[in-house]
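The data below hold one chain only, encoded as structure tokens and taken in the form predicted alone.
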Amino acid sequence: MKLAILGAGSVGRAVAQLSEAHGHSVIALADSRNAIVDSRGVNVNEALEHKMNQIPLGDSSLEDVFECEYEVLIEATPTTLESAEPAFSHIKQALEADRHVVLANKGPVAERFEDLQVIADESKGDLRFEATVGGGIPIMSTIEDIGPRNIESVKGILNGTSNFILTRMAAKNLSYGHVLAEAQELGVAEADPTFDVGGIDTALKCVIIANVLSGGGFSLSDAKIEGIQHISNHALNLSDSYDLTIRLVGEVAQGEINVAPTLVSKMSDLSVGGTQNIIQIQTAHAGVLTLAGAGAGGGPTASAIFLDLQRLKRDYV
């Protein structure tokens, strides 16, 4: 399929670099400043080398991207809240042109789900967003296959940065501040880690799940959120003495969204370590289904985008 990729961060780069191996052609690639468009296929490595050297990707504009003959828009720009712009407008323009859209951007489906559904329902294009929740773990497609009506609750660990910090604090008896600095040095945490350690990222993912299960009606303001910033070594040591540990758990159940540090048994599936993610889906008839894997990063998130592209190719080509 012919792809137009908006966003040249870790996810956009990974999708661009892996597209040919998955049988797709990148005919447009844009960052926040400019774009490169080539109907014969963009030279991805050259374009990304330009970006790395702070040279413009190309001499095209965002308007040129939307005017090219792409089949699928990959929206991988940074997540914004409330209005979810500019991503929402990008999606709207593509769907109104009857093109398919695949999202890695959480903002639009968390904050403006109903608006998106109205536009998607009137389009010949399809809207898919596997990559918005859980990185490479196929959470959205699993929920789709089971059927939202057959799911009673969903809970799990959905942020690798927070999980890395809690795991490292407990294993080495290190302070939150010390481990956060380590995580930032390793690239596991951002310079401003609030989005992750404050529970916002996990909450956005839970809001998306809640919207899918209920057909909409939720935004970030509906979530009860507590981060890990105030977790102490004393709390971790005390929980360890009872063979427990602390994890940042997000849960969607009975129309409520809760994100908070939670005591879990060390024998529990939820005690995954490092940057791993895990999700437990409580079904009405099949018990609990557990999915685990890499929940963040360019490669895992790109794999979720390619899963959506595979489904589009199956359904429309």
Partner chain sequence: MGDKNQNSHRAYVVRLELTDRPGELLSVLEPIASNGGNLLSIFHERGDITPSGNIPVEIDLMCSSEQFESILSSYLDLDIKVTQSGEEKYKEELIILLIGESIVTDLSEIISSVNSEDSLSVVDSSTTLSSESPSEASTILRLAIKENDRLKAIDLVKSVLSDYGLHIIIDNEQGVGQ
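Please read these numbers as outputs of a predicted model, since none were measured by experiment. Positions refer to the first chain, counted from 1.
The same protein also exists as the form predicted in complex with the partner chain; that form is not shown, yet it is the one meant from here on.
Heavy atoms within 4.5 Å of the partner chain in the predicted bound form map, among the stretches 66-74, 25-33, 40-48, 265-273, onto 265-273 alone. Only one of D243, D145, E185, D121 lies close to the partner chain in the predicted bound form, with a heavy atom inside 4.5 Å, and it is D243.
Of the residues given (S83, S221, N173, S232), S232 alone sits with a heavy atom within 4.5 Å of the partner chain in the predicted bound form. Although the partner is absent here, D115 lies well away from the partner chain in the predicted bound form, with no heavy atom inside 4.5 Å. The partner chain in the predicted bound form is approached by L238, whose closest heavy atom lies within 4.5 angstroms of it.
For K155, a non-hydrogen atom is located within 4.5 Å of the partner chain in the predicted bound form, even though that partner is not displayed. Residue contact check for G58: none of its heavy atoms lie within 4.5 Å of the partner chain in the predicted bound form. Contact with the partner chain in the predicted bound form holds for all three of E226, P261 and Q282, each having a heavy atom within 4.5 Å.
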